[in-house]
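Taking the form predicted alone, here's one chain by itself in structure tokens.
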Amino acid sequence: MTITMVKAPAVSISGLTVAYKTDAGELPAVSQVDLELAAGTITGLVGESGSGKSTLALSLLGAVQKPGRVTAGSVVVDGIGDMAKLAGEELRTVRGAKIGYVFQAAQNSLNPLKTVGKQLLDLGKAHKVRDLKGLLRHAKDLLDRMGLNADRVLDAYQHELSGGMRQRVGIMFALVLNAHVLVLDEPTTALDMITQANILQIVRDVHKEQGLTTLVVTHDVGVVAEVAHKIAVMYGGRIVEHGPVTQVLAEPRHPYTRGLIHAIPRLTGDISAAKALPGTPPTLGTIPKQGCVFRERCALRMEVCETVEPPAQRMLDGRTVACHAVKEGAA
């Protein structure tokens, strides 16, 4: 008898709810999210601004800032444990060393008063790296592979670097301590098309070379199509569709996923075929407390959508969809 070993996911998010304290009480920005990041894969987390993407990503780092807090669920990282339960020195050790995070605005994570090299040494000392020369060599190797002049970059201040260079420096900082999980928050925002293409190629190459498990957070479906193996679509703090990127983009099941894809203008054909989603996404204070969070903008809205939140249903092709209009187990 042959026994097939199923490899545990590198990251397993279960029942995660993250709420922010407001004058109206604690309001959930992320609600009951279940999501697994398979080891060695790239997952794209996509949705409009305010959908909860960055809050979910920060949960992987144990970095949700007050007045936000994890109120339920877990974020279990292989070899580390539940990030929601770590604190203090234990949490600081994990960040950077085990989980690398490249922030949405790369320049905001760099100290404008110190050179990149000085910040690298500070990082090494904070994580008690004994071989600082070895750390510098590793950083130079990463920068060289990303097409940068390593010596020049390490001697530079942030204002002396372009947006694309700062983004690559951010990736270097996230990987220089040999993290095995990488989170990229809007890695191509505010970059020109050529620089975007270069950054995405770097993400693919570094991911493969270092055997990473990568989460790419973006509002750009095109970015996900370019680099990801799987896609998770987020709306109103929920994952509404999740599955292999080629299947989801070729035949989206959730009406929100279809709306996102149909809103993308094409380079060829009828430009007017691109149609914006009607309405606007909910804010933290306007997310419905019951029923489907997407119903106000949905053409498939039914009576059940008003009061019952749709469960995540598994399809025959392996993806999950949270929609009352989609039949469980459909091909």
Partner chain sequence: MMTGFARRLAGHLTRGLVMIWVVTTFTFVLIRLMPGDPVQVQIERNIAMGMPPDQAEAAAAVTYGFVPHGPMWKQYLEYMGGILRFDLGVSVESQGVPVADRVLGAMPWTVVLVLTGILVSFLIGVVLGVIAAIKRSTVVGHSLSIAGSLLHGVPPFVIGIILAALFTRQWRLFPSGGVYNADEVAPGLYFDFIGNVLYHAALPAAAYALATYGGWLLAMRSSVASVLGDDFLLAAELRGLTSLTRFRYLARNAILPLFTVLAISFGLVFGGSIFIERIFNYPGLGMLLFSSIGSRDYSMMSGAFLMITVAVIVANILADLLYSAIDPRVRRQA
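Residue numbers count along the first chain shown, from 1. Being a predicted model, the structure only gives us computed values, none of them experimental.
Only in words, not in the display: the form predicted together with its partner chain, which the text now covers.
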> Just one of Cys305, Leu58, Val33, Leu37 has a heavy atom within 4.5 angstroms of its partner chain in the predicted bound form, so which one?
Replying inline: Leu58
>> Give me the residue from His138, Arg258, Arg92, Arg204 that has a heavy atom within 4.5 Å of its partner chain in the predicted bound form.
In response: Arg92
>> Taking any heavy atom pair closer than or equal to 4.5 Å as contact, tell me whether Asn111 reaches its partner chain in the predicted bound form.
In response: yes
> Quick one: is His127 in contact with its partner chain in the predicted bound form, heavy atoms, 4.5 Å cut-off?
Replying inline: yes
> Taking heavy atoms and a 4.5 Å cut-off, does Gln65 contact its partner chain in the predicted bound form?
Replying inline: yes
> Within a 4.5 Å heavy atom cut-off, is Asp192 in contact with its partner chain in the predicted bound form?
Replying inline: no
> Only one of 158-166, 230-238, 212-220, 129-137 gets a heavy atom within 4.5 Å of its partner chain in the predicted bound form; which is it?
Replying inline: 158-166
> If you look in the predicted bound form, which residues in 118-147 sit within 4.5 Å of its partner chain (heavy atoms)?
Replying inline: Gln119, Asp122, Leu123, Ala126, His127
